[in-house]
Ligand code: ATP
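Next comes just one chain, in structure tokens: the form predicted on its own.
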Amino acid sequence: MYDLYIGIDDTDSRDGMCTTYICSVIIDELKHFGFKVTDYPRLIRLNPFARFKTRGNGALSFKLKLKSQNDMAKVKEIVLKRIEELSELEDEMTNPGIVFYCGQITEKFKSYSLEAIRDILSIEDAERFADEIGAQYFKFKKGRGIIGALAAIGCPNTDRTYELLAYRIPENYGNPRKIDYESVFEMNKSTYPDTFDNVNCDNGYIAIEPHTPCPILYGIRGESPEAVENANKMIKVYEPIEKIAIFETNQHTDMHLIRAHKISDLEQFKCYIIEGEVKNFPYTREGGHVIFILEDDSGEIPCAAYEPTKEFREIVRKLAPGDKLRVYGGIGEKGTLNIEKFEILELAKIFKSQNPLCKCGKRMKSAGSGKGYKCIKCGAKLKDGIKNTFQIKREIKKGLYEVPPSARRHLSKPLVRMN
């Protein structure tokens, strides 16, 4: 007996299909032919800023126990046939890659996976690494999927979550999903925090429901297989379910984040944890995006709470110059740090000055440079008056703040999972 790892990626498009569905179809067929699939299949999210990603930039892998080389030939036949049949090959952005690997998951393999999650790798990088470790790979069209297929095999899931996915029958792809939303809220009430990111209670958003014409009816995320299975029993739907699958994932683990020591070290298309000081009062840009500048001794970077983060922007607007923050997020094409969450380490003191009050109770006005103050109500003058300065009470406290579930990246760890 020996282990065979199979990695699959880049089979879907923005308009349809899902690599998790193709993976589950393949696993069911392999089991039908008597092959033993060990453990849960893995859904590994890669760098959210990868240029050529389709939707969620997730790659899949699973492990088989094989007896002989004849078994290997049959497995390859099944896998490659289903990939060719089910992938969105007509889409120019879809370039599937499949990897077959027999061997140990070495530290070097794990490092490759982390690089695919935290950096941008090329097809050539993946081919060189596959050749180095003796993995066999197959490319459809450009075969860009081999990058993620390798990463899904080698990913070191020291922290892990699970996702249960319910799939629709093909006749319903593209039609409105028929989910009983009240049952989702009841499920969330009963199972949180063992499951999480089910709903956004502030606006009624149902986070388990996709908004694309893919095969997924809903997905439940949780801390264990038992948690998502228990939650699934509480969900009511009014359409047939073709199948259900549970995946072990690196979702909501912050695996994509790199701890940076200074702002000048930050690079585009990577995600970081960085500390700094707020330079200016946040302002709202066209489109509803809220921006402020984070600085340290090495430089500065604009930070953004984009419009889709909704109520989170109101928290960001309460920041002030001098606040010390720890910011979690990634840098996109425009060089702006896209905030996933932030921690206020220290609040600055804010002071406000007012002209003195007149004896009549009216706030006085300046009489001109060096001329003191004058009351426009009663005419009284105050030559030696000074402004009254007082500290303003802040409407925000030290602590962690996060975007709502509707705006959360797949890899971003919600506060409920943080100590």
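Residue numbers run from 1 along the displayed sequence. Predicted model, so just to flag it, every value in this text is computed and none were measured.
Missing here is the form predicted together with adenosine-5'-triphosphate; even so, the following discussion is about that form.
Item to complete: Within 4.5 Å of adenosine-5'-triphosphate in the predicted complex, counting heavy atoms only, one of 222-230, 302-310, 236-244, 115-123 shows up; tell me which.
Response: Stretch with heavy atoms near the partner: 115-123.
Worksheet item: Might L46 be said to contact adenosine-5'-triphosphate in the predicted complex, defining contact as any heavy atom within 4.5 Å?
Response: Because a heavy atom of L46 falls inside 4.5 Å of adenosine-5'-triphosphate in the predicted complex, the answer is yes.
Item to complete: Indicate whether adenosine-5'-triphosphate has at least one heavy atom within 4.5 Å of a heavy atom of A152 in the predicted complex.
Response: A152: no contact with adenosine-5'-triphosphate in the predicted complex.
Worksheet item: Just to confirm, F52 within 4.5 Å of adenosine-5'-triphosphate in the predicted complex by heavy atoms?
Response: Within the cut-off, so yes.
Worksheet item: With the partner left out of view, is R144 within 4.5 angstroms of adenosine-5'-triphosphate in the predicted complex by any non-hydrogen atom?
Response: The answer is yes: R144 has a heavy atom within 4.5 Å of adenosine-5'-triphosphate.
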